[in-house]
Ligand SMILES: C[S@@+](CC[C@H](N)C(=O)[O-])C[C@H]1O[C@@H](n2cnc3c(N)ncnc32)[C@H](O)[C@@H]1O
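Only one chain is shown below, in structure tokens, and it's the form predicted alone.
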Amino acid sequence: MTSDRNTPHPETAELRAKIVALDTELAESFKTQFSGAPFLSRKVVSFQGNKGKPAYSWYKYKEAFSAGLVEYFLGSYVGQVSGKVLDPFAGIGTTLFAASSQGIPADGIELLPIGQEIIRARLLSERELTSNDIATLESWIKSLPWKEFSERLPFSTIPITENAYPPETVEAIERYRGALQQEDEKVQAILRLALLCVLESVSYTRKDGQYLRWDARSGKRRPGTKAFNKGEILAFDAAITAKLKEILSDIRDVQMPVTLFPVKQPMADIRLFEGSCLEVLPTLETVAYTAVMTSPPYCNRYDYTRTYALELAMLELTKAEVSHLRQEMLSCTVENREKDLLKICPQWKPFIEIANQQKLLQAINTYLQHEKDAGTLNNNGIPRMVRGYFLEMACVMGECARVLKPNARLLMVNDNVRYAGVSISVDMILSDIARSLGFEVEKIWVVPIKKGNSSQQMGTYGRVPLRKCVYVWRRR
């Protein structure tokens, strides 16, 4: 950990020194578990690894890890053991589909409607589309029926998405939405999927970390800010037909008489639970899963209800519904209010106490609160977010320990973070909590290339590389 460029207040320096000492002590206790992983890369542990992979690359979900990562770890730690896999943060279903393709049944929990919609549509594309359905979709590519469709179906907006598209694109989307209503439910689902996949490319926006970044052509440039140009803004007709061609090409190339996707063994069942994992996990059966493979939201202030606002609005969510969704998410953004975890599940009291007794975490919480009180934080919601993140993760981990079979593994991809000049070793804190929840920490695989912290942090405190890891915990 580097020192501040400016001499910190003595009390601040003392709190930072305590964090460094506790971090060093914890690192010593995990020194045999940390291991470099040449087979891992930022591409493998991110969406980049899905580029060009049929079906997985249809929608650019930047928070996903690659199907290859799931296949590798399931092969290494699950193998031919009978049972099923759980992903409590299912996203667009990478774990679910990768497990299913290996003949392993999978359950997923997903809160965001965009993830739910994509998982449902992909299940339809793989298991229920008929040759007539495919022919109908092919006719859409050839004839572009929306162009002549007279009944436009307007779509709603929320404040963050107002005026997100050129006027001609708005009209094209409304005609497309109107025309797809004439098809049966299965075809509608694929047409809607294609629409969701192209929204960013036909808009004035680009997903950029914590928010949507607006092209200067939108007219939304803030006074005094540098103009941003995202490059080509695709015309809707070209974008949607290209996406439909991609989807249908993936289906046609592997079409079989019974199922659309040939596999070495029959694809296993996939079950999707819609909602917050904090609400769903306590309802799942005890000792039911052979493995958990997941990547939770990182403690990095990213607000997925903003980065995926275009899609949420297109799925007809209102401003109030999006705001409610933000509060339902795992605490990972500064706008998250404190959750009453014991009201959700009174049995979580031991999990919360374990998190509250983790020494490094408590030193970090004390430091961040001190910096808030001193007025030095760039956002006063950071202490609440960090505290809530680890308490909620402890509850998630405790539930995972309950639903896993003895000797089953939990595999998790996560990032370390940095606030107010202090690096937070998310990997070690969660792994230490896991040890008290009934797990043995087998490995903490470190991705070779370390990422930097935010430009704002680097500008004030200097650059500090942060670990990205895959944790392997075994249920005792």
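So that there is no doubt, residue numbering starts at 1 and follows the sequence shown. Keep in mind that this is a model prediction, so the values were computed, not measured.
There is another form of the same protein, the form predicted in complex with the named molecule; it is not shown, and what comes next is about it.
- Proximity to the named molecule in the model of the complex, taken as a non-hydrogen atom within 4.5 angstroms, holds for one residue of 333, 276, 307, 161, which is 276.
- Interface residue among 295, 125, 290, 100, judged by heavy atoms within 4.5 Å of the named molecule in the model of the complex: 295.
- Annotated contact segment (heavy atom within 4.5 Å of the named molecule in the model of the complex): 90 to 98, selected among 223 to 231, 167 to 175, 364 to 372, 90 to 98.
- Although the partner is absent here, residue 64 is a contact residue: one of its heavy atoms lies within 4.5 angstroms of the named molecule in the model of the complex.
- Proximity of residue 110 to the named molecule in the model of the complex: non-hydrogen atoms within 4.5 Å are present.
- Although the partner is absent here, residue 329 is a contact residue: one of its heavy atoms lies within 4.5 angstroms of the named molecule in the model of the complex.
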